[in-house]
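Only one chain is included here, represented as structure tokens and corresponding to the form predicted on its own.
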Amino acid sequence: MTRITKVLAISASPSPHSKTAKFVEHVIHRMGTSDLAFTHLRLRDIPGDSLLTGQMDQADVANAVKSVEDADAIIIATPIFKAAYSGLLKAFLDILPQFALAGKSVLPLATGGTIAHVLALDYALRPVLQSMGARHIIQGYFLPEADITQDNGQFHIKESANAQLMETLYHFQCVLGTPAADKMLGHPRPERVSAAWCLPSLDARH
């Protein structure tokens, strides 16, 4: 029986007509296979007061946090504002447990006005994802607005940009095909008992 990999795609734009959210849908469509199950979480759909104050007793907040816990892999897509990821994404990451991404592979995506913002993925977002214990962070992909066209509500990206995106998605899919032996890789649990089998004994090294 084929194992279904659960992929949570998070779009973090506050705009009701978000290019970032449409980009996520484009990615899901490109990746869609029989062994991947996608969920698209739009952070703007979570009531702002509940998200900003971390009201875990609110169903929308609790369900969003649970969706991260249940996912095997995460796509995180954000618009870039002033060389930083969105405040909406910051608010959501802040309410997640410290090692919420342990055992998971993460693909960072971003949209922005110009390629001058491209380094925001590596210098602003990647360190945060790393601190949350992500098992593997794929090299991110930045989509500038100049490579986006929308005709009658249909979202398209230029062929040259799409070719680069497909290479990024290929890398992500390769990682999805190699599940971790330990789902909590990245989480420094003091009670871990599974580490011994993957380390050579001291005697074997002498």
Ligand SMILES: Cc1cc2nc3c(=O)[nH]c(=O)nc-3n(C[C@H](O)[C@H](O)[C@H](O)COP(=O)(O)O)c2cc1C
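Just count from 1 along the sequence shown to find any residue number. Bear in mind the structure is a predicted one, so any value in this text is a computation, not a measurement.
There is another form of the same protein, the form predicted in complex with the named molecule; it is not shown, and what comes next is about it.
Practice item. Sort through 127-135, 114-122, 96-104, 68-76 and report the only stretch with a non-hydrogen atom within 4.5 Å of the named molecule in the predicted complex. Key: In the other structure, the partner sits against 114-122.
Check your understanding: His17, Thr20 and Ile80: each with a heavy atom within 4.5 Å of the named molecule in the predicted complex?
Key -> Looking in the predicted complex, the three residues His17, Thr20 and Ile80 all sit within 4.5 Å of the named molecule (heavy atoms).
Check your understanding: Applying a 4.5 Å heavy atom distance criterion, does Glu167 contact the named molecule in the predicted complex?
Key -> Flag for Glu167 set to no.
Practice item. Report whether the minimum heavy atom distance between Glu145 and the named molecule in the predicted complex is within 4.5 Å. Key: Taking the distances in the predicted complex, the answer for Glu145 is yes, it comes within 4.5 Å of the named molecule.
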